[in-house]
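First comes one chain, alone, set out as structure tokens in the form predicted alone.
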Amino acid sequence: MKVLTTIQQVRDFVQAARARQLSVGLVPTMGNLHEGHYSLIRAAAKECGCVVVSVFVNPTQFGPNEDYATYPRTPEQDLAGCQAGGAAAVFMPSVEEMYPRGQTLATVSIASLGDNLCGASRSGHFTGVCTVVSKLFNIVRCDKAFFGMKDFQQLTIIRRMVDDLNFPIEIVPCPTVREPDGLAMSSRNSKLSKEDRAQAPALHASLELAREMILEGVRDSRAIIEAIAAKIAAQAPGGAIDYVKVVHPDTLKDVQVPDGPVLVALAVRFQGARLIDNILVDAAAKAS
């Protein structure tokens, strides 16, 4: 496995892979890798002959009061996991390599899809995400890129960006990987206190409650949201709800009457970390 630190090194590496008739898969990450990331790498290795993993904590997607400086960084652990997962190369650039002039003049944003959910309280976040991902797409020039469904809003926005900007790339969504108690794996889980970590599985439990309600015929999103909030208040008193939403999975707009496929999504702030999670439910299906 190669460790690459410059854009030219990546381009040369990918060119050599293509000379050997290998398809190229990209797994963009911010490091501090866990089983969720490794599942993406393994999925990419099954579908592509050459897998490139990017490890870059992107400063442009962090707000002024967010945790860029303290975001967990574990490069040695990350490299070992990438190699075990089947990566052919890891791209670990510096901030100066990715943004040699500092703030970029050209940025990429998708306004309507970034207004709801996490975008409502994280101004500029998805502009930073789209900008760095578009840069990675242009650097690696991959055939496929693999993203987890835990960050569903990000996944939806990246898909739209690829369509709108005509990137010749297939976006491959991968299921959320969970701890045995249901908590969605996240690099930020390590920042939770012992008490908050014990309460955090209530997020997924509340989403499962929402699924049950929808499949049993509840068609009032307000009632579903209230039930989620009550369960989190009872089981995770250390968390403060940022949002709970029932939205359309393609437009990310609020749905008042769930009568088809919907995304139930939430964000909860604990003292050490802000956690997100979601669940897809087809309201037209019947409870088993």
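Please read all numbers here as calculations on a predicted model, not as lab measurements. Residues carry their position along the shown sequence, with the first being 1.
Another form, the form predicted in complex with a small molecule, is not on view; read the next lines as being about it.
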Exactly one of 207, 132, 117, 200 comes within 4.5 Å of the small molecule in the model of the complex through a heavy atom, and that residue is 132
Checking 179, 78, 151, 143 against the small molecule in the model of the complex, the residue with a non-hydrogen atom inside 4.5 angstroms turns out to be 151
Please name which of the stretches 235 to 243, 218 to 226, 253 to 261, 24 to 32 has residues with heavy atoms lying within 4.5 Å of the small molecule in the model of the complex. 24 to 32
Identify whether the small molecule in the model of the complex is within 4.5 Å of every residue in the set 68, 121 and 123, based on non-hydrogen atoms. no
I'd like to check something about residue 147: if you look in the model of the complex, is any of its heavy atoms closer than or equal to 4.5 Å to a heavy atom of the small molecule? yes
Decide whether residue 39 counts as a contact residue for the small molecule in the model of the complex under a heavy atom distance cut-off of 4.5 Å. no
